[in-house]
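As a starting point, one isolated chain is supplied in structure tokens, in the form predicted on its own.
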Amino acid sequence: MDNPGDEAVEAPPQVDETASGRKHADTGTLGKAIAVLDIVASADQPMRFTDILAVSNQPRGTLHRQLSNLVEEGLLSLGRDHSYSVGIRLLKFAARAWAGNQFRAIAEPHLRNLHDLTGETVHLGVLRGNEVIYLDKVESRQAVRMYSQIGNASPVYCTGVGKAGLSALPDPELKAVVASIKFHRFTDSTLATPEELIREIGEIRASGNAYDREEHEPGIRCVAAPIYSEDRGFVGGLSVTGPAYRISPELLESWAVLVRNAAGAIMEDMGARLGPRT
């Protein structure tokens, strides 16, 4: 746990004070916890203890207890450098809410069209930290299907949607995410080092497609493409996935342009329907 006496970084993260915890300061323990979540989630980068203390309007001891509890519950994550960021459990809650949001409604017809063209399972996911959270899925028409579930999280470095999302990040953010990954070999094909992953991200940026070549689960392949908002505040991906015995590398490659086109159509609709209004 972070030391309350740690010094603040030289350039503390900027926080939108309209979303900060000050408006919750007198609403009890739950309100104070929500205030801390607001502060961390609204920051433009992970925050250290003294950064949060400066804008929280909470006593040092109270804030330290709030942070400890939120980390223990998985709502916040404590980094190696003692900075706080949004935790996976909170992201999973958010993913379930996103399942019914406007973005999903925008993407859904494009997912179904891609499913009609390929006959295989189509996934939509969003990048959060070093995991990808699945927001939507259109199941394969085939008798043998893969198991996956909306709201589940998977590692970014060995999934098509995850690597596609990474390819859309600016280099400083990409390096920070890669540095946070604890690489684990799920199969013989799993990328096992930061150098391998960075090299593949370069290839994805050049081609516009990411692949999972049985890297997360034996016998499962996919081709993906990135989806992102204009300001890169939203980054995710779209994929077509299926069993290796049914999907050859050549067939997967032939679907690459279909996946790119679907991702591009979703981004175009996002810009038209979710973009700034004058």
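Residue numbers here begin at 1 and follow the sequence given. All values derive from a computational prediction rather than experimental measurement. Take the two forms, find the largest set of C-alpha atoms that superpose within 1.5 Å, and that set is the rigid core.
Another form, the form predicted together with the DNA, is not on view; read the next lines as being about it.
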The DNA contact in the model of the complex: residue 233, any heavy atom under 4.5 Å:
no
Test of understanding: in the model of the complex, would residue 66 fall inside 4.5 Å of the DNA by heavy atoms?
yes
Taking heavy atoms and a 4.5 Å cut-off, does residue 29 contact the DNA in the model of the complex?
yes
Taking the DNA as it sits in the model of the complex, is residue 249 in contact with it (heavy atom to heavy atom, 4.5 Å or less)?
no
So in the model of the complex, are 211, 261 and 264 all sitting within 4.5 Å of the DNA, heavy atoms only?
no
Candidate stretches 50-58, 237-245, 35-43, 217-225 - the one whose heavy atoms come within 4.5 Å of the DNA in the model of the complex
50-58
Take the rigid core as the frame of reference and indicate whether the C-alpha of residue 59 shifts by 2 Å or more between this form and the one not shown.
yes
Taking the rigid core as the reference frame, is the Cα of residue 48 displaced by 2 Å or more between this form and the one not shown?
yes
Checking residue 112 here: with the core superposed, does its CA move 2 Å or more between this form and the one not shown?
no
Between residue 81 and residue 198, does the Cα distance in the model of the complex come out closer or farther than in this form, changing by 3 Å or more?
farther
Thinking of the 3 angstroms or more shift, are the C-alphas of residue 47 and residue 127 brought closer or pushed farther apart in the model of the complex than in this view?
farther
